[in-house]
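Only one chain is included here, represented as structure tokens and corresponding to the form predicted alone.
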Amino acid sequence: MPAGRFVLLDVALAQDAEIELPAEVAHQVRDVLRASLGDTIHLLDGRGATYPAEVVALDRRHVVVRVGSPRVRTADFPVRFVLCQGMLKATKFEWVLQKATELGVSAIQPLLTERAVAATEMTGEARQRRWQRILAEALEQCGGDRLPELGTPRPMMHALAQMPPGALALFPWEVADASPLRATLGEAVAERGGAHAIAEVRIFIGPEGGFSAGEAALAQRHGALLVTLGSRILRAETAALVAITLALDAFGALDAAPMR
């Protein structure tokens, strides 16, 4: 079995324990990953630990694994990266959830904005559960350590007003005559005396129609920095991934958590 097979398991894990996998997870291990007796899979607890686990029993209904010694990251990157994403049409929003998880964001906050035409069709518990499944599958695919926190959709003003002390808000806006995101980050880090002074970076990305002038003004009143992602007008989902990547790279987070 390939070494990169990861499964998120929402149960308590302990070294040397033998556990029977829940039915849905057992199906994934047996029928999707095609595990056999003696194969090793990697169980993710979604909170920073990965456990190798040997398949010790397997039939059409049951899969039992023996849990090995956990691998725990000794030090997380000190800066939290939070994507505050204006609501998009379903497939585009779900794509952003998937890719942001693969890149390693700490949290994703869906935003209700003036031009978020898809907002009313994307609320409710069923939709939230679907989003959580998408995050879990993305974490399994990339072998990440932590499941991003996922907020419920809320107005943009709440995400601005509730930023923690030491947070830095970046607001890419195609209309703004602003500095590039990476240059703005560098200046902010220097002004604050180093990256250690920034506890969190929040990146605000608009919906398909972009942010309005009123929303940009609101963001500035709350201390957000208007930035540009370049001279081209990017689709919302493209802008999200570009902004996340630039911010992660500016802080060295991509080097701190290499792809596997």
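Don't overthink the numbering: it's just position in the shown sequence, from 1. Since we're looking at a predicted model, the values are computed, not measured.
Note that the form predicted together with a small molecule isn't included here; everything after this is about it.
Engineer: Choose from 210-218, 189-197, 30-38, 45-53 the stretch whose residues reach within 4.5 Å of the small molecule in the model of the complex, heavy atoms counted.
Structural biologist: That would be stretch 210-218.
Engineer: Taking the small molecule as it sits in the model of the complex, is residue 149 in contact with it (heavy atom to heavy atom, 4.5 Å or less)?
Structural biologist: It does not: once the small molecule is placed as it appears in the model of the complex, residue 149 has no heavy atom within 4.5 Å of it.
Engineer: Taking the shortest heavy atom distance, is residue 81 within 4.5 Å of the small molecule in the model of the complex?
Structural biologist: Taking the distances in the model of the complex, the answer for residue 81 is no, it never comes within 4.5 Å of the small molecule.
Engineer: Is the gap between residue 60 and the small molecule in the model of the complex 4.5 Å or less for some heavy atom pair?
Structural biologist: No, no contact at 4.5 Å.
Engineer: Might residue 205 be said to contact the small molecule in the model of the complex, defining contact as any heavy atom within 4.5 Å?
Structural biologist: The answer is yes: residue 205 has a heavy atom within 4.5 Å of the small molecule.
Engineer: Spell it out for me: taking the small molecule in the model of the complex, does every residue among 173, 227 and 236 have a heavy atom no farther than 4.5 Å from it?
Structural biologist: Yes, because 173, 227 and 236 each have a heavy atom that approaches the small molecule to within 4.5 Å in the model of the complex.
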